[in-house]
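Just one chain is shown here, as structure tokens, and it is the form predicted on its own.
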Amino acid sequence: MSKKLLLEHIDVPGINTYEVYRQKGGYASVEKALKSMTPETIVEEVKKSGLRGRGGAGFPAGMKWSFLAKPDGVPRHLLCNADESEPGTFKDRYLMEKIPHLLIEGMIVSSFALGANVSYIYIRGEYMWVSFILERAIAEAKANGFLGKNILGSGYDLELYVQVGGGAYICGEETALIESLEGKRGNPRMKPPFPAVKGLWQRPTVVNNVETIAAVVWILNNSGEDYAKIGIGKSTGTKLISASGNIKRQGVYEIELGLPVDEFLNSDEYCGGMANGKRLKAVVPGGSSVPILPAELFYKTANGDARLMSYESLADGGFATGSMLGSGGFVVYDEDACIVRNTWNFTRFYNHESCGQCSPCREGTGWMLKVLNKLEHGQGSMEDIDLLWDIQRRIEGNTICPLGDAAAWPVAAAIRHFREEFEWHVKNPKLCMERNYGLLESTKKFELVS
């Protein structure tokens, strides 16, 4: 049985209320932090824990906190990134919906550690009902003395607000989130300067993911050393995984990092194996933006070692043979899945969500969509496959923010590992249309995206 740090009390009736959460030890970390710790010691505990950002990048949280500039007389801010727009990822929503006070508690102690007196939870517009849950939890915390002026008589003040975004994937990027929070269009900023120096309203700012902030509560209630003992190597602690696709048990699972992927996919404690007796074809282990892994590379690394659910193991061998843990959006495909169709669908998303600021992303995602549209609808050529490879190559690494990379990586991995499927679409246009749409090319022409 995997150790539960975040979801230990998730099934307790009424855990979404202050009273029940408090009965289960809630807000103890706030009492400990404000009464017996300093901001500096909290930052050190987080650094000792090895906690890495759970939003996708996996950057060490304590190190990120230590970069925060502290100019005299200039306010600082903590922003919680609850945008969660990555296809295949829904673990932050689950956490906020079921146990909102855990995030509120994490925001309080993290804000104290950073010297922030006004902090924000930026949540995507599609999670409107979750924003109401958070607002209620904030009101309960404030009514019980854990927010507002002079919290617990410590002299520390904190106001916490929920800001609902417009539902843009780009606002999951921290500087685009800041721009949106300031009331502007959510376009990413050029870096440097980084948010730690000039973020919200040009003030020092830290942006952390929901799961990252929630994990700080356990670290303070126990210790950074205890947290670092969980997991494997530099992948410390636990991780929430959103599991979906052709599996028996879809849902959100908390795993100890280092769990073998075979155990996560096939054990009854987690995904329960493939649905309907189908064979595994491929897995996207970290959300739609990470490279897809065919079954033979999913179970084994480039060195032949068993693949683990960790930052290092999933990335082993680079993108040629590995992928990324990312945001933990674990999507499973069985033998009947069409990789070309899946890649086309992902590309439609990234083309739609591009802010349009960078030419490689704005134009490149559009051209990838046009080519994939041809291939998917039986109108492509062999040259189109090579063209698609060339387009993604020109996008990666050439944009202000990682959205361009997020659009390019799935296409590159799909061609790298499943080129024969792309060629099959070219060689068998009628069968392609019949298989995917129940129509022959001769009976209907699909209008190409312009």
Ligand SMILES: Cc1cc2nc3c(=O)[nH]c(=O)nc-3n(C[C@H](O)[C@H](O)[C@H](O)COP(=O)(O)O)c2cc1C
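Residues carry their position along the shown sequence, with the first being 1. Keep in mind that what you see is a predicted model, and the values were worked out from it rather than measured.
There is also a form predicted in complex with the named molecule; it is not shown, and the following applies to it.
- If you check the named molecule in the predicted bound form, you find a heavy atom from every one of Gly56, Asn81 and Asn209 within 4.5 Å.
- Using a 4.5 angstroms threshold between heavy atoms, Gly106 stays clear of the named molecule in the predicted bound form.
- The named molecule is not shown here, and in the predicted bound form it never comes within 4.5 Å of any heavy atom of Ser310.
- Although the partner is absent here, Ser85 is a contact residue: one of its heavy atoms lies within 4.5 angstroms of the named molecule in the predicted bound form.
- Using a 4.5 angstroms limit between non-hydrogen atoms, Gly172 touches the named molecule in the predicted bound form.
- Contact with the named molecule in the predicted bound form, judged by any heavy atom within 4.5 Å, is made by just one of Val411, Ile395, Ala33, Leu403: Leu403.
- The partner is not drawn, yet in the predicted bound form one stretch among 268 to 276, 330 to 338, 147 to 155, 172 to 180 has residues with heavy atoms inside 4.5 Å of the named molecule: 172 to 180.
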